[in-house]
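One chain follows as structure tokens, the form predicted on its own.
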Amino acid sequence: METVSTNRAFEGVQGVYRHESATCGCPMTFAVYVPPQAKDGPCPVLWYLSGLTCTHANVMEKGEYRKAAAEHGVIIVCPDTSPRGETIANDEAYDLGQGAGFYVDATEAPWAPHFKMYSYVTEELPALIAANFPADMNRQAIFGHSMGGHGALTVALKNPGTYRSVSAFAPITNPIAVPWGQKALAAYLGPDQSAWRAYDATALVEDGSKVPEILVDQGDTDNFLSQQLDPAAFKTACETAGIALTLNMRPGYDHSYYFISTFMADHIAWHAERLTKG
């Protein structure tokens, strides 16, 4: 693991790191904020999964998470959103290819050799974090934005017991029913839509996957709300399954990091409460 940069922030350390990923078959970069409490022992880990076109840097520079993470003693890990490089498959559109991994393990050409973001964020990167940082891997939580909100929800639902809590900002909750998801899932997983259900939060809940509770914040002026994000089906699925979904519709807020940064501290505090129980 190579250290790209470190900066002191709120008495903790914001670092950026790079390593050769066996899962993705290329170098991968990620950010980790270690709070000051780490000097006294391992801290719980909160994973943040970013949205379309983002890298680790978007939330690191715009998300305003460090003060809250330092207050609550939580490590924040921010992976990239896809494999990258000249030899890695890509697409001219922003919603497919590099920057748009959708947190799935691709099975179709030309994506399959490298686009294994589900395995990367659930297996390889957690092992790297455990080996190199003062992380209590028995206390993990996960959240994300948009495509990353989709990733956080599906990762938590597919791995019950691994994450103590899950939340999202403006998540793609039903990708099999919206253009972003239909395009990406068809490309990465092929035409058989039964395979798509394993990476769709609404479908996973309908098919029996459960977590105790979920927190979602959604801006009501988000220009993607009606066409790409519509959380109605997810809300119905959670109600039917008995999952406690808190869906906060935020008046006047859009899809940007202005929205995310406004409610970031609320989400970190919510996760911290659950990460410190027991």
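Quick caveat: nothing in here was measured; it's all calculated off a predicted structure. Counting begins at 1, following the sequence as shown.
Note that the form predicted together with a further copy of the same chain isn't included here; everything after this is about it.
A residue is said to contact a partner when one of its heavy atoms sits within 4.5 Å of a partner heavy atom; Asn7 meets this definition for a further copy of the same chain in the predicted bound form. When contacts are judged by a 4.5 Å heavy atom cut-off, Phe224 does not count as touching a further copy of the same chain in the predicted bound form. At the 4.5 Å threshold, heavy atoms of Gln14 reach a further copy of the same chain in the predicted bound form.
At a distance threshold of 4.5 angstroms between non-hydrogen atoms, Lys235 is out of contact with a further copy of the same chain in the predicted bound form.
Only one listed stretch (226-234, 205-213, 42-50, 248-256) carries heavy atoms within 4.5 Å of a further copy of the same chain in the predicted bound form, and that stretch is 248-256. Between the options Cys54, Ala69, Met28, Met60, the residue in contact with a further copy of the same chain in the predicted bound form by a heavy atom within 4.5 angstroms is Met60.
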